[in-house]
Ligand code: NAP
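What follows is a single chain, given as structure tokens, in the form predicted alone.
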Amino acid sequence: MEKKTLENRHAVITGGSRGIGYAIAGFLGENGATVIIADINSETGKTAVSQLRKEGKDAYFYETDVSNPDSVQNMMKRVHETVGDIDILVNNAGILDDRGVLDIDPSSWAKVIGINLSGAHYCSQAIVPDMMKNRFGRIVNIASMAGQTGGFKAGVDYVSSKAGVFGLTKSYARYCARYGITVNAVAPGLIETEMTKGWAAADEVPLGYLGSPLDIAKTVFFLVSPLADYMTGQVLSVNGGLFMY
């Protein structure tokens, strides 16, 4: 049997129980990785892992609040006990706020920043020691076109969190490069998920259709595969041409 590209690799996908995260987990699993879904929603997380296992993929679920460093450390402990060191991290967990600037209260701001930006830092900080020890690692942060444009629909808290992910990516990439770890980001445009339902029509996109979660999953696979060994600190925009720069 031909060896799969990600065979013997262990991948943590935060927010991996549905939407883009689930597509990423499925595609990495299809290409041989053991996938660990770290999600705050226990019900959807268990359902996702059950489906992945039915498809013959090696999958696990651990309830995790990425905005809570203690919860992240507990997830790490359980992963080590179950599968061992982590080779791949996809920081996908995120929440959306589309209210106007004057309507966002301090607690909402803190929650969005805590999950979308701080969560990516807490998970990366917890997992990087495995990668440093093994002199290998692949981190992919899921950002957003909103962080590049200021957001057509998204609120300032969401936009700020995703713009922050770009800086986080570059800082980690520069620090981690000496250890054989690459850190890159993907900036999705309008992708058909529950989060973006009703946001835009396909004719607004130059390619003429909205993206799918699989489009993002394929890009993540590229970044964690040997095809992208010499790429780090980069942002790949996957938006059908809706934003070009």
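Being a predicted model, the structure only gives us computed values, none of them experimental. Counting begins at 1, following the sequence as shown.
Not on display, but discussed next: the form predicted in complex with the named molecule.
Based on heavy atom distances of 4.5 Å or less, which listed stretch (75 to 83, 99 to 107, 158 to 166, 129 to 137) is in contact with the named molecule in the model of the complex?
Looking at the partner contacts, the answer comes out as 158 to 166.
Could you tell me if residue 41 has a non-hydrogen atom within 4.5 Å of the named molecule in the model of the complex?
Within the cut-off, so yes.
Determine whether any heavy atom of residue 9 comes within 4.5 Å of a heavy atom of the named molecule in the model of the complex, and answer yes or no.
No.
Check whether residue 89 has any heavy atom within 4.5 Å of a heavy atom of the named molecule in the model of the complex, and answer yes or no.
Answer no; every heavy atom of residue 89 is more than 4.5 Å from the named molecule in the model of the complex.
Test of understanding: in the model of the complex, would residue 30 fall inside 4.5 Å of the named molecule by heavy atoms?
No, residue 30 stays farther than 4.5 Å from the named molecule in the model of the complex.
In the model of the complex, does each of 95, 142 and 191 have a heavy atom within 4.5 Å of the named molecule?
Yes.
Of 17 to 40, which residues get within 4.5 Å of the named molecule in the model of the complex if you count heavy atoms?
Heavy-atom contacts to the named molecule in the model of the complex: 17, 18, 19, 20, 21, 38, 39, 40.
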